[in-house]
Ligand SMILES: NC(=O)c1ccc[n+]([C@@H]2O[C@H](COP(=O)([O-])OP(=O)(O)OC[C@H]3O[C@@H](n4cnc5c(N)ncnc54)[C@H](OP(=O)(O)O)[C@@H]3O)[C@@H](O)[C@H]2O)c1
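Next comes just one chain, in structure tokens: the form predicted on its own.
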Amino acid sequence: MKKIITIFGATGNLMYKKLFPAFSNLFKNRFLDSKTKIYLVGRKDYTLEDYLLEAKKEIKTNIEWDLLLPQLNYIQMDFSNSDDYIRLKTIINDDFTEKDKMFYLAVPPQLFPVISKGINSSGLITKGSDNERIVFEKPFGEDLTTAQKINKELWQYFEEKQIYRIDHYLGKEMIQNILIVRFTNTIFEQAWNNKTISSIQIIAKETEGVLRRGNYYDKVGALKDMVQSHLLQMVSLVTMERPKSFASDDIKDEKVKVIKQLSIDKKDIILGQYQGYKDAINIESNSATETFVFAKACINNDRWKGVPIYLLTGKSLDEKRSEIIINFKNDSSDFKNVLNNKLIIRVAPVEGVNFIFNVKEAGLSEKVVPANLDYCHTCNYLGNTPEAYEKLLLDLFNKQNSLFTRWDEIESSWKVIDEVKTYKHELFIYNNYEEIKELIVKGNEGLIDDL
């Protein structure tokens, strides 16, 4: 059966920076073949040759053009013109009869309902069809109300099983590994509770500023861009109960349960904006958009009662680092200078797992020193590790939706963020990360070494 993917917004940065490299690697490594056709849909009146000339100016990575070119077709469309959807349907039907169809919306969320209606009313997708599905990029709405409105409209046209909502963090290797580390290692599974764990830290730091994304970012900010999606997804995977099975829906059921039990107290939040943010392109001169978030969350259930969960994310910080740190309690009162055990799941830029434990120092002394068991996932992969979009696209083609977010996951996480957005906080303007650390440490002594 022919597999057809139609990408709306094919002239955007996502196509150039993520999707083209992902498709190139999938064809190169023979996960996709000549039975795959890629329709590139944009508003600009290009021929395929014109489009590729522009694309090659924007793409900075090596692309296997010889493999991709026979599979590509560019189609100019007005997304609000119903006749253009009929024309697209005619092109696809003329090319193939028996087919598996996917539609990828790499467009702003305000266009989701417009394009979805056009796809449905033209018959490009039949509601309930097993061989037709649609993909949406985050952000899924701007708050709970807009997300609910968008989703209600989508359910008019598609069944939930046909809707694939992308959070690219879920495609990262070590995010996929969280459940493996938790549930296949007795040493951790038996200790995964408030009796042995003192705190959890979820960190996603970036050195870059907003760059050229000001028009998007200034309307969103770090809370919506990072916490609502990436960080809360990581929290849910780390703290969820063991699912009935490791089927997609059973995992998502447990993720939703734990997000609904999560709360963030207004006194435990720091919002910041880096100095110079307002000088970036397309940023309002009086912008109060946060580029940094620190928050302390808690989960109100028996397993996690009393365990603080620290969330930290921001731009223009001291390093690029994304990781999860599990801090275990120290019950060794008989020895001096014993450090707490730590399990660190490193998501980016280097992927892997570290376990820090105590040993006696070599030699005649009785001194206790930390030792580090280090598993480098990146180092053990022959060649480059697959990018998140490679995994997500391959799962989309194979109808595997485990790494895509279900509606109730999005709804429950928006409820958390909407609550936080009602709090009134003074925006902290920071010149460097040291200033942020000083502010955090005032109420969280002992935490700063990890942050």
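Numbering starts at 1 and runs along the sequence shown. Fair warning: this is a prediction, and the values are worked out from it, not measured in the lab.
Keep in mind the form predicted together with the ligand is missing from the figure; the text below concerns it.
- From the list 397-405, 26-34, 417-425, 43-51, the contact stretch for the ligand in the predicted bound form under a 4.5 Å heavy atom rule is 43-51.
- Three-residue candidate spot 11, 139 and 389; every residue lies within 4.5 angstroms of the ligand in the predicted bound form by at least one non-hydrogen atom.
- The closest non-hydrogen atom of residue 111 lies within 4.5 Å of the ligand in the predicted bound form.
- Using a 4.5 Å cutoff between non-hydrogen atoms, residue 17 counts as a contact of the ligand in the predicted bound form.
- Under a 4.5 angstroms non-hydrogen atom cutoff, the ligand in the predicted bound form lacks residue 161 among its neighbouring residues.
- Proximity of residue 79 to the ligand in the predicted bound form falls within the 4.5 Å heavy atom cutoff.
- For the candidate set 257, 99, 320, 213, a heavy atom within 4.5 Å of the ligand in the predicted bound form is found for exactly one residue, namely 213.
- Screening 346, 165, 315, 168 for any heavy atom within 4.5 Å of the ligand in the predicted bound form leaves a single hit, 168.
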